[in-house]
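As a starting point, one isolated chain is supplied in structure tokens, in the form predicted on its own.
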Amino acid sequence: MEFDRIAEKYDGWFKTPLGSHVDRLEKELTFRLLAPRPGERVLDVGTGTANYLLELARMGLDCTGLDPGPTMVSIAGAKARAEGLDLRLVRARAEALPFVSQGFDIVLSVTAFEFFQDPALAVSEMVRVCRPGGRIVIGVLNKWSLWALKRRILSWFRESVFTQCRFYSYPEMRRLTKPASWGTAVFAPPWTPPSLIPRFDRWERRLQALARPFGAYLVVRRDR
């Protein structure tokens, strides 16, 4: 299933109580490792509807997003125009980035790596376009989590975006990216009711430290 087929509904998840909780925790961890600074040039590989890229534009970064899906890119552009934000959006694949070498301070990819046809080549391309002293941050859906288990089981019974998805564990990402640092987030299970979300909020930071390999969202950072 291509993401363009669900593009119109994609952002709806972030408006649910659990989706909003997950999105906030994922962004907190991603930006903690990313350490973005105003004026930096950032490339978001697999930007989708620009959920992360818009946040970075609001922070004052110079933002470029790449995605193969025309509907995703169209929605991202409409959201940016509605806020008066300047995003450069390009249709292309991660394995062949149409940019000069060392052109970005930051290369980011969030929950897109799982769908790349050649992840090793994609990493090589991200390294190529990142300047020396820059950083590459990749967020993926963690194989060692209840969320991945649920998504995999459901994909056995009906087609979804996760049918062709490859989940990754930290050891696998370490072999591919050779990260300098990493972490996980989101320890609330996928069936958590809204009434229990505040409780998991209170436990989240402790679980990030004590159960690091098992959060639903895994982020690695490689320094260039």
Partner chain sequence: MALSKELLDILACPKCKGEIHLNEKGDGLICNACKLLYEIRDDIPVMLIDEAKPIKD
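Keep in mind that what you see is a predicted model, and the values were worked out from it rather than measured. Residue numbers count along the first chain shown, from 1.
Form predicted in complex with the partner chain: not shown, discussed below.
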*If contact means any heavy atom within 4.5 Å, which of 170 to 178, 32 to 40, 60 to 68, 184 to 192 contacts the partner chain in the predicted bound form?*
60 to 68
*Looking at I153, A120, V100, A82, which has any heavy atom no more than 4.5 Å from the partner chain in the predicted bound form?*
V100
*Just to confirm, V73 within 4.5 Å of the partner chain in the predicted bound form by heavy atoms?*
yes
*asked:* Using a 4.5 angstroms cut-off on non-hydrogen atoms, would V90 count as touching the partner chain in the predicted bound form?
replied: yes
*Hey, in the predicted bound form, is E114 touching the partner chain, heavy atoms inside 4.5 Å?*
no
*May I ask you to check whether R128 falls inside a 4.5 Å heavy atom distance of the partner chain in the predicted bound form?*
yes
